[in-house]
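As a starting point, one isolated chain is supplied in C-alpha cells, in the form predicted alone.
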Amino acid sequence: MEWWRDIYRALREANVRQVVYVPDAGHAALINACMADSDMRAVPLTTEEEGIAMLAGAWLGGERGVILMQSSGVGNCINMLGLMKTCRFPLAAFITMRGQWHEFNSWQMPMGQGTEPVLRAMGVLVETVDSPEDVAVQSQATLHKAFVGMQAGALLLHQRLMPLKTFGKSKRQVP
C-alpha cells in the first residue's frame, strides 16, 4: 500500500508548498512525508473548513496548497467550498473514504455515502480512484484541474486502498 508515494510525487511536481490536514490514519504516511520535506509546510488543522480558508490564503500569497482529509470531514467544509467557488480559488483535495467497502463503523456510513454528491453539488470536480496503479495519474489530473484549470477538484481515495479497519477487541467482557 505505497500509493501515497504517487500523491507525494505529484505534489512535488506541481510545486505544492502547503499541505493542510486533519490527522487521518489513511493519510499518515503522506502527511509524514510532507512534514519531512523542507520545501513543504504541513499544517495540522482542528477542523477541515479551516483548511479551505488556509488554501485560499496560500493562493493569495502566491503558493499552491492542498488539503488532506477523510470523507467524514467533507460535511464540515460546505460553506467554505462556496468561498472557493465564488472567488474562483483553486482547490485540490485528497480525501480518504469511509462508509464504503468493508466499513465497520456505522457512524461513517452517512457522510461516506454523501461525500461525492455533496462535493458535486458545490461545483467540485470529483474523481474516485480504487486501484493503486491509477493513483499517480489521477493525482496529477486533480492538481492540473486546480492549478491550471482554476477549478475545485477532489480525488476520492476509495476504502479499498486502505488497510481494513476494525474496532480493537475490548478486554472487558459484557455480561
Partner chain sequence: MSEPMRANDFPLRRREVAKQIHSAGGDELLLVTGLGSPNWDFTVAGDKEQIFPLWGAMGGAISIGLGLALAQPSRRVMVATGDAEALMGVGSLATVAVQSPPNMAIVILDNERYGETGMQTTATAHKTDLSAIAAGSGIILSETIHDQAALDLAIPKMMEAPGPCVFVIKVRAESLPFVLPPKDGAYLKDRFRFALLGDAAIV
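Numbering follows the first chain given and starts at 1. Given the structure is predicted, the values throughout are model-derived calculations rather than measurements.
What comes next is about the form predicted in complex with its partner chain, which does not appear here.
Exactly one listed residue, out of 43, 28, 125, 136, brings a non-hydrogen atom to within 4.5 Å of its partner chain in the predicted bound form: 43. Checking 33, 119, 58, 141 against its partner chain in the predicted bound form, a heavy atom within 4.5 Å turns up for just one residue: 58. Using a 4.5 angstroms limit between non-hydrogen atoms, residue 130 is distant from its partner chain in the predicted bound form.
At least one heavy atom of residue 18 is located within 4.5 Å of its partner chain in the predicted bound form. When contacts are judged by a 4.5 Å heavy atom cut-off, residue 83 counts as touching its partner chain in the predicted bound form. Although the partner is absent from this view, residue 37 stays clear of its partner chain in the predicted bound form, with no non-hydrogen atom inside 4.5 angstroms. Contacts of stretch 73-90 with its partner chain in the predicted bound form, defined by any heavy atom lying within 4.5 Å, are made by 79, 80, 83, 86, 87, 88, 89, listed in sequence order.
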